[in-house]
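Form predicted on its own, single chain, as structure tokens, below.
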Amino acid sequence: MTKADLIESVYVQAGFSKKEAADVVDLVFETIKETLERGEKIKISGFGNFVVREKRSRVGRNPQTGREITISERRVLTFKPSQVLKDALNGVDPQA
């Protein structure tokens, strides 16, 4: 699914105009991006958690040459799906 597909889905299901749907999707993505840039966690109930983790610098190897290289420290984004999403993906009935 692409961003355009999301906009189309909001347009069809929510009854917004195409422009309003695009604005809503853009606003949601921008809010998520700004929150993650600040290093804050995002928890979407029934969907999952987005967490920014700090990774320390470490020694790695160039797979082509085998030479050691230093991998710089960086921030990485991780996603952990909720149990509700996991169950939906695996066809588990929530009532069972």
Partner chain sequence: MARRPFDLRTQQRQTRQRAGDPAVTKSDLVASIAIKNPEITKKTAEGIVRLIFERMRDTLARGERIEIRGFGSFYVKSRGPRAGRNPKTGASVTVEGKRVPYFKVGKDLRERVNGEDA
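Numbering follows the first chain given and starts at 1. Predicted model, so just to flag it, every value in this text is computed and none were measured.
What comes next is about the form predicted together with its partner chain, which does not appear here.
- The shortest heavy atom separation between residue 75 and its partner chain in the model of the complex is within 4.5 Å.
- When its partner chain is considered in the model of the complex, residue 32 lines it closely, a heavy atom lying within 4.5 Å.
- Not displayed here, its partner chain is kept clear of residue 68 by more than 4.5 Å at the level of heavy atoms in the model of the complex.
- Although the partner is absent here, residue 45 sits close enough that one of its heavy atoms falls within 4.5 Å of its partner chain in the model of the complex.
- Interface residues of 69-93, taken as those with a heavy atom within 4.5 Å of its partner chain in the model of the complex (partner not displayed): 74, 75, 76, 77, 79, 81, 84, 85, 86, 88, 89, 90, in sequence order.
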